[in-house]
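Just one chain follows, in the form predicted alone, and it is written as C-alpha cells.
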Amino acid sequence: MLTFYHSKGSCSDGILYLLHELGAEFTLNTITLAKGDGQTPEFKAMNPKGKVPALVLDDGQTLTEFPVIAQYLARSHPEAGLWPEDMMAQMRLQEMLDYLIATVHMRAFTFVLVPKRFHPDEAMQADLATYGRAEIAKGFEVLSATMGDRDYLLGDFSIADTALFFLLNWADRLEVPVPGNLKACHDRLKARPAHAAMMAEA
C-alpha cells in the first residue's frame, strides 16, 4: 500500500486531494513542517529533502516533487482517465503543472508565505512579500486566460487542477484577489467528493 507524507495547509494538500479523487488505497502520515518534523532523522532517512509531498511506493521507493507524484498517480490509475493518451496533451499537462509549481508557487506564493527564508531583514521581507503578491496576480492572469470559460484549467478535470486547488486555498488564506473564473473553479473543486473526503481527515 502507498504511504503518503502530508503537512496540512501545504502544497501536499493537492496530492491528498488527488489520492481521494482516484480512490487510491494509502496510509496517511501527517507531519507538521512548521514544527520541524521534516528535519527529523526518521523523516530525512525516507526523504533527504525534508519536505512534502512524499509518496512511498509498495516496493519502498520514495517519490517526491508535486508534478512527479501527480503524474505517477494518474498513470498508475488509468481507469480514472487523468493521464491523456495523446502526446501533445501530455506535454500541455506537464507544461501547466510546471508553471503552477515552478512559477506561481515557488516564485510568487513562497515570497509571501515564507519571506524569512530568503532574507533576515524585516524591511526586505516586506519587499519580498509585496513582490510575491504582484507575481501571484500575474500568474493568476495567465491561468485565468488559459482557462477561459471552461470548467477546469485545461477543459476537463486534470491533475493540474489539484495544483490549482492548493494555490487557491492559499489565495483565500492570504486574501489575494482571484479572477472570477478561477474562483468558480475553486468552488467546483470543493464540491467534488474528493474534497469532502480529505476534509474528513482534517
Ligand SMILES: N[C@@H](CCC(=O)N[C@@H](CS)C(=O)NCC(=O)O)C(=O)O
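It should be emphasised that the depicted structure is a prediction, and the values quoted were computed from it without experimental measurement. Residues carry their position along the shown sequence, with the first being 1.
Below, we turn to the form predicted together with this ligand, even though it does not appear here.
(Q) Looking at 176, 56, 147, 33 here, can you tell me which has any non-hydrogen atom within 4.5 angstroms of this ligand in the predicted complex? (A) Among 176, 56, 147, 33, a heavy atom within 4.5 Å of this ligand in the predicted complex occurs only for 33.
Q: Answer with one of 151, 141, 172, 65: the residue that has a non-hydrogen atom within 4.5 Å of this ligand in the predicted complex.
A: That would be 65.
Q) Is it the case that 24, 74 and 159 all touch this ligand in the predicted complex, with a non-hydrogen atom of each within 4.5 angstroms? A) Not a single listed residue reaches this ligand in the predicted complex, so no.
Q.
When the contact criterion is heavy atoms within 4.5 Å, does residue 96 count as touching this ligand in the predicted complex?
A. Flag for residue 96 set to no.
Q: Check whether residue 89 has any heavy atom within 4.5 Å of a heavy atom of this ligand in the predicted complex, and answer yes or no.
A: Residue 89 lies outside the contact set for this ligand.
Q. Using heavy atoms and a 4.5 Å limit, would one call residue 11 a contact residue for this ligand in the predicted complex?
A. Because a heavy atom of residue 11 falls inside 4.5 Å of this ligand in the predicted complex, the answer is yes.
(Q) With the partner left out here, check for me: in the predicted complex, does some heavy atom of residue 105 sit within 4.5 Å of this ligand? (A) Flag for residue 105 set to yes.
Q) Going by heavy atoms, what in 26-62 lies within 4.5 angstroms of this ligand in the predicted complex? A) Counting only heavy atoms within 4.5 Å of this ligand in the predicted complex, the contacting residues of 26-62 are 33, 39, 50, 51, 52, 53.
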